[in-house]
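Take a look at this single chain, the form predicted on its own, given in structure tokens.
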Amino acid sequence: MTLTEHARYSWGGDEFLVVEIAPDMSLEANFVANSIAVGLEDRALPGIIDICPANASLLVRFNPDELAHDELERTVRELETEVKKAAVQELDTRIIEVPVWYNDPYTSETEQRFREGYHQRPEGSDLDYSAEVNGLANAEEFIRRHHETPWLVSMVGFVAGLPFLFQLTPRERQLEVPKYLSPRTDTPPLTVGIGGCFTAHYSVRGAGGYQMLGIAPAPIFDPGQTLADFSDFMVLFRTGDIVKYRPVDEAEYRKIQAEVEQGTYRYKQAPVRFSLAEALADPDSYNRSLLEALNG
């Protein structure tokens, strides 16, 4: 673990503890945030209301009438030390395959309504612009680079069920694209977009500023919990999940939509143990092992 500095602890009123692991997102900082969250949940302290890990921080909401401030802080600091000093830094999680119809007509129509005054390249498309700023030949190459490597769910929030994902590849090969100059007032539900180094998977229709890449056929937020993948919780993704996007054409997109309507659709997924050391030491080899676990 390269994070040698202690996290920064601060209080939000009487009910919130904020733990800032690092000023910037990194695999190491996100691993610490997720591991502390898991450890705190395992401790089952009375008075804990919610534990919210984010990109490089952690927010804990608690009832001060049931849990003293100093006890909570002491416990979290102990967990921080344990995580950073652990000889083996691993996290039990899962890898999920998410089908995406890239360059679809729905996001393409929407982006054309938000060009002049909204976008850096009014004359083009989001995919063309994304390829250009990454020095890639065309939109097809950008799409390939987007789906060929897994992504880590670094946080879930902003809108119910919306994940932010960090690409599991060396920093120099990560895709990075500026957000719109001015946010759109419309984004189709289940749009997959990119802003900065993060992919965002829009759970519902609404405003947005990420460059739109495609659209997914299956929900990631199911308040009615009608699909089996949502039997335990209405939100699909959890921090620490690993996502592999898979490109589909219109025919498969429609087929999956029909399965969703029938209540029979299941996401392809497999349990994995995420190893921070292996992911940092040889990302390409480690990604291959993750995909092998997903594909059996």
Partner chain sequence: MADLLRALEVLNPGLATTVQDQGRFGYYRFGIPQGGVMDQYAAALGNRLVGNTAAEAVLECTYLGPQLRASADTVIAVTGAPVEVRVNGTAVAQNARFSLAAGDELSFGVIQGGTKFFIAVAGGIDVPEVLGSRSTYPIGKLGGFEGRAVQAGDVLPVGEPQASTLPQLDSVPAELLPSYDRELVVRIMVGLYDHKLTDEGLRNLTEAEWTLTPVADRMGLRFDGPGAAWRQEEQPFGAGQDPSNITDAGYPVGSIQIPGGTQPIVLHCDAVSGGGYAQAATVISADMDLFARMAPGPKCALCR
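Residue numbers count along the first chain shown, from 1. Here the structure is a predicted model, which is why all the values come from computation and not from measurement. In this text, the rigid core denotes the largest set of C-alpha atoms whose superposition between the two forms falls within 1.5 Å.
Although it is not shown, the form predicted together with the partner chain is what the next lines describe.
Comparing 100 to 108, 139 to 147, 171 to 179, 70 to 78 against the partner chain in the model of the complex, the single stretch with non-hydrogen atoms within 4.5 angstroms of it is 171 to 179. The closest non-hydrogen atom of F164 lies within 4.5 Å of the partner chain in the model of the complex. The partner chain is not drawn, but in the model of the complex it has no heavy atom within 4.5 Å of A86.
In the model of the complex, the partner chain lies farther than 4.5 Å from every heavy atom of Y202.
In the model of the complex, the partner chain sits beyond 4.5 Å of every heavy atom of W151. When contacts are defined as a non-hydrogen atom within 4.5 Å, all of D14, V235 and R238 contact the partner chain in the model of the complex.
Of the residues given (R61, K255, R266, R43), R61 alone sits with a heavy atom within 4.5 Å of the partner chain in the model of the complex. The contact residue chosen from V248, C52, V260, A270 relative to the partner chain in the model of the complex is C52, the criterion being a non-hydrogen atom within 4.5 angstroms. For the stretch 14 to 39, the set of residues having any non-hydrogen atom within 4.5 angstroms of the partner chain in the model of the complex comprises D14, E15, F16, V18, E20, P23, D24, M25, in sequence order.
Relative to the superposed rigid core, the position of the CA of D284 differs between this form and the one not shown by less than 2 Å.
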